[in-house]
Each structure stands twice: as structure tokens, then as C-alpha cells.
Ligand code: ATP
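Just the one chain here, laid out as C-alpha cells, in the form predicted on its own.
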Amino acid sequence: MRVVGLTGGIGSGKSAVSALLAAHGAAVVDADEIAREVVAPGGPAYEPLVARFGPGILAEDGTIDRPALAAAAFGDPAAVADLNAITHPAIGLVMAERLVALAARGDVAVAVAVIPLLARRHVEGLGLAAVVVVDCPTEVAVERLVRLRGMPEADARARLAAQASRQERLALADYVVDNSGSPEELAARVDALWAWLRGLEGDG
């Protein structure tokens, strides 16, 4: 089984690409989904987050209110560092466990690890065979965040500015998927990506 890292900035279309790859037969392990699991009550990051950021981050039902948590951390580098120090190791552990379980099944040729903040350490730690970057111009990403997620434009630009730059992401890329066009164009580009990924397997 080949494990491929998939990354891209907010609004780039990682979810669309991972869904298209899943339709081709890839097994997808998504860090964002795991992030929601580890902060759920009983999850490994739940108590540490409440201890660090206080009960103000909790919703009435006792779950962590993700917007409240983001508001508590966003804009404060020390708080963001604490948030990452609590959540990232927990997410990484679950992701590694799931990839091991997929490999043990023996029927998965390509597994895709979707990691928004993919870095060199993930390449080594997860044994990634390649890094795929979903890329689009900043203005396209801003327009999508405003139109599809209802995000105020200023917030969209702030979120993009807080992430790694396009240049930093592209420096890690073994393959770039341009998602600046239509859904039909993206589907064709993912078809080409899938052929490339299968070529990594040596089985066409």
C-alpha cells in the first residue's frame, strides 16, 4: 500500500479532490475528521483543551464549540501553539493507527492522508510515498470561502494569511492539482492524478 499526503490551503478544494480519489478506490484518512473526534468528550484532546482554554469553549451540551475555541486561540501565537501542541500529536497518532490498519487489510493499493498543515515531518513520520498539493490562486480561494461557507471576506483573507504560503506548500509537492477552474476540469485532473498514483504502484 502506498500512502500519499494530500494538502492545500483553506478553500483550495482538498475535500473535493479526496472525494474524487475515493471514488477511484483510494482509502481516505482525513485529519480534519480525526480532529473532530479527538476533541469530542472522552477524546484525548478534550480535557487538556478545557484545562488550557477554560469552560468558555464549551457548548451547552458539553461538547467543544469549535468557533469559540478558534476565537480563544486565533490571533494569539502562544495560544495557537498550545492548541497545536494539544491536538496535533493526538491527531497524528490516530492517523498513523488507521493507516496501519488499512495496510493490514491487504486490499488497499493507495491510501490518501489528507493533512491541511502537511510538513516535512509528516513525510517521514507517516512514510508518505508522495505529496499532492491542491492549488488555486488566493483570490479564487477567498471567493469560494465567501460563497460556499458564508465567511466574511476579511475573515477568509485572515485565515489564508495565517496558513503556510502557496510557495511553502508547493515546495513540498511531488504532484500539483490545479483547482482554479470548473468541477469538470478538476475531475479530469484527478483522473490524471489517479493514473500517476497507480503508476507509483508499478501496476499501471
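Note that the structure is a prediction, hence the values are computed from the model and not measured. Position 1 is the first residue in the sequence shown; the rest follow in order.
Keep in mind the form predicted together with the named molecule is missing from the figure; the text below concerns it.
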How about residue 144: is it within 4.5 Å of the named molecule in the predicted complex, going by heavy atoms? yes
Determine whether any heavy atom of residue 183 comes within 4.5 Å of a heavy atom of the named molecule in the predicted complex, and answer yes or no. yes
Does the named molecule get within 4.5 angstroms of any non-hydrogen atom of residue 154 in the predicted complex? no
Taking any heavy atom pair closer than or equal to 4.5 Å as contact, tell me whether residue 10 reaches the named molecule in the predicted complex. yes
Which is the contacting stretch out of 37 to 45, 65 to 73, 173 to 181, 50 to 58, given heavy atoms within 4.5 Å of the named molecule in the predicted complex? 173 to 181
Which listed residue (16, 188, 195, 23) meets the criterion of a heavy atom within 4.5 Å of the named molecule in the predicted complex? 16
Using a 4.5 Å heavy atom cutoff, which residues in 123 to 154 contact the named molecule in the predicted complex? It's fine if the answer is none. 144, 148, 149
